[in-house]
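Below you will find one chain, with nothing else, as structure tokens; this is the form predicted alone, and questions on how it binds or moves follow later.
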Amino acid sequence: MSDKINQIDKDLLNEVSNLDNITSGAYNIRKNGQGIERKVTDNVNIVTKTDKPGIDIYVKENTKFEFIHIPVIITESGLTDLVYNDFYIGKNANVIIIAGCGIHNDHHKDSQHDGIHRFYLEEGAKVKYIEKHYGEGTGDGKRILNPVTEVHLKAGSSMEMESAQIKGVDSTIRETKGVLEENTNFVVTEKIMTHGEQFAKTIFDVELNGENSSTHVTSRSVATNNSKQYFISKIYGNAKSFSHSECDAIIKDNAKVVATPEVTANHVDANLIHEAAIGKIAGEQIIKLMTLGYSEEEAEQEIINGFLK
């Protein structure tokens, strides 16, 4: 990598995108609001937008099992970065896209990244999309991340999305929207942990417009100290379709978790299910681990780690 990337940058990149694997396949690295390094391949082209900040990523049809990394890092306190990334996935392509943002803030001003990612999958295309968010630094300036993901699935296509907030993010509003045509599948798995005074809000909005379209949304979260989390899921069955949405949360201390399911069946063959469970760690779970030699604190952390796996 170029000399534009220092050790702090490398540490952030490793947290959100696995530094050792970035250079395998196509990639675009964005730092403090600017693209600083890029690589394209025969099957994946990355083009800088001319009308707004961001990039267009084009994947040729029938491309198989290529990796695309598009990490963002911020090390400048007081910076607000807004970026629009559009992905155009050709027919029958099958690719893995790894995104995410890491913020290092050692000062008093807030640092913020708002990433709007739009996916357009042609017929038969498959995408696995992995997005990680991470914050660190000694300053009292906030680390703010507001990702928006829009997914448009044409007939026979599918997308799997894994989203994780690792730690250190003071405030986040995460929006995921999906519009599904016939014989499509959209699977979303979210993992999030908040502590201190942190705030997190997740909004899922999925339209099942095509026959035999389906979605499965899973959110697992842990809220501790005085943090607050809100989970909102809206799913619309506009055709013969299936959905399963579930929110499982562990709550500790003075934290607050609110889960709001909304399912709307606009077709007689729309089968829509929502489940939510919020509660503290069961005492018997802690006692069981303590009999194996764990301290109470270690037992609690082990349970949390297993829950978020």
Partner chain sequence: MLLELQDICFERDNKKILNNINLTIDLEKFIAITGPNGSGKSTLVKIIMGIEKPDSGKIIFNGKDITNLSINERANLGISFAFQQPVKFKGITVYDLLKMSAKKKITKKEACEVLSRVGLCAKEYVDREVNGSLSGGELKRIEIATVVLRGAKLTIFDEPEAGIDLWSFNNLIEVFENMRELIKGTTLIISHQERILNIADEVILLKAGKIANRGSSKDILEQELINKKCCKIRKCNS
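Please read all numbers here as calculations on a predicted model, not as lab measurements. Residue numbers count along the first chain shown, from 1.
Below, we turn to the form predicted together with its partner chain, even though it does not appear here.
This chain is displayed without its partner chain, yet in the model of the complex the stretch 278 to 286 from 263 to 271, 64 to 72, 33 to 41, 278 to 286 comes within 4.5 Å of it by heavy atoms. Contact with its partner chain in the model of the complex, judged by any heavy atom within 4.5 Å, is made by just one of 174, 142, 132, 220: 220.
For residue 56, no non-hydrogen atom is located within 4.5 Å of its partner chain in the model of the complex, even though that partner is not displayed.
The shortest heavy atom separation between residue 309 and its partner chain in the model of the complex is within 4.5 Å. Along 264 to 300, these residues reach a heavy atom to within 4.5 Å of its partner chain in the model of the complex: 284, 285, 287, 288, 289, 290, 291, 292, 293, 294, 295.
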